[in-house]
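Below you will find one chain, with nothing else, as structure tokens; this is the form predicted alone, and questions on how it binds or moves follow later.
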Amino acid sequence: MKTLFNLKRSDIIVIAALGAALVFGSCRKGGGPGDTIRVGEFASLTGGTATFGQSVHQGDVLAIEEINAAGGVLGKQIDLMTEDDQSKTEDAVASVQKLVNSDRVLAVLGEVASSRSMAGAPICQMAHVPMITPASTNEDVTKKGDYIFRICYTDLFQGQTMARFAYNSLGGKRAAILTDVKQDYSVGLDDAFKNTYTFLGGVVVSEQSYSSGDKDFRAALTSFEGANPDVIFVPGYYNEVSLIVRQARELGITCPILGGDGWDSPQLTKGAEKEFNNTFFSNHFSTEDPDTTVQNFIKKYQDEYHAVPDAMAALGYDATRILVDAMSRAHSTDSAKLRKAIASTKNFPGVTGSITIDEYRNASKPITIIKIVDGVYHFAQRIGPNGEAETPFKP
């Protein structure tokens, strides 16, 4: 996921950061003094997408507490160094620069937003510090270099999946799309959905756009009414989606509304539980999954935080565990050996599914479709990494 940013300012910051990174470059070892291994984390703990960063951070912390309690890794404890980027791309650059060049971390976890991950990735790449994003789905994130990984699926996969779900499972032959043009995440999902949907034989009857921070979507939604869509695809973040769905229902639009994993937040349906009936979104896991790994994680998370975990928390937990598993398999804190170990991850038993890192450093894994009923997220269907239905659709 991602946000756009001021290119001129960010380019200057990135160039400066890369220059500093070159000082420390290649042959990097360590990650902390004495009996600790420093792992960096940059996250949106405050700002517009704060629930994403807070959830991932809690998942990271839970995993590290478990690992340290079990004796750590390579005979050392993990020391998590956390930076709040305040949901700003330029602050993400500064955060990663500090983690890599000042704190001298062995590896970096984060971010959720893809533009912020893409801002921090060049710094990690130039310094040969492995970076694992738990939830940045834009295709370009892992193209920043061979030290950059993700343990979530990509926008291409979830966009294609939601198109098939709309056309095949819901029987929607006419779709309208409402896209946030300020978010690469939203634009990428729009493209993937539209291309697959039309390939299947569906017709996109109307396309409208908005910008992050907008509050009134009635004009765009009113234009949809005349187009008479069977489904509406809204690939945005929870902040605006919460308002879009409310306003759609106020206008009398009753057709299914679909989205991506950017919907997943405790704030999404708050105060509008009924309005979100007949909505669906792609996600990384479901709390209704009976799998033992999932249920054990939920119990641990509830015991620690007295709350039900969302997908971002599960992804943070998985990303941290995959990193430490790679450290253990590398038998070293040498960055090149760690990078190779992360790249060779196969069938890791994650909370968000069995995870294999492919040749492009992306995760091959299943995707879950969530149906919202009275504000509660319910498991609707699980789709395999090759697009096959692993479970029947539960309407």
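The first residue of the shown sequence is 1; numbering continues from there. Note that the structure is a prediction, hence the values are computed from the model and not measured.
The following text describes the form predicted together with ligand PHE, which does not appear among the structures shown.
Want to guess which of 167 to 175, 129 to 137, 93 to 101, 203 to 211 is within 4.5 Å of ligand PHE in the predicted complex, heavy atoms only? Among the candidates, contact is made by 129 to 137.
Just to confirm, Y185 within 4.5 Å of ligand PHE in the predicted complex by heavy atoms? Looking in the predicted complex, residue contacts with ligand PHE include Y185, since a heavy atom lies within 4.5 Å.
Just to confirm, V234 within 4.5 Å of ligand PHE in the predicted complex by heavy atoms? No - in the predicted complex, heavy atoms of V234 and ligand PHE never come within 4.5 Å of each other.
May I ask you to state whether F52 is within 4.5 Å of ligand PHE in the predicted complex, using heavy atom distances? Output for F52 is yes: heavy atoms within 4.5 Å of ligand PHE.
Heavy atoms within 4.5 Å of ligand PHE in the predicted complex: does L323 have any? Although ligand PHE is absent here, L323 would stay clear of it in the predicted complex, with no heavy atoms inside 4.5 Å.
Any chance all of I123, I148 and R339 sit within 4.5 Å of ligand PHE in the predicted complex, going by non-hydrogen atoms? None of them does, since no heavy atom lies within 4.5 Å of the partner.
Have a look at S286, T279, S114, T142 for me and say which one sits with a heavy atom within 4.5 Å of ligand PHE in the predicted complex. Exactly one listed residue reaches within 4.5 Å, namely S114.
Contacting member of A119, V108, L315, M162, with respect to ligand PHE in the predicted complex [4.5 Å, heavy atom]: Of the candidates A119, V108, L315, M162, L315 is the one lying within 4.5 Å of ligand PHE in the predicted complex.
Sequence-ordered residues of 84 to 102 touching ligand PHE in the predicted complex, heavy atom within 4.5 Å: None of them.
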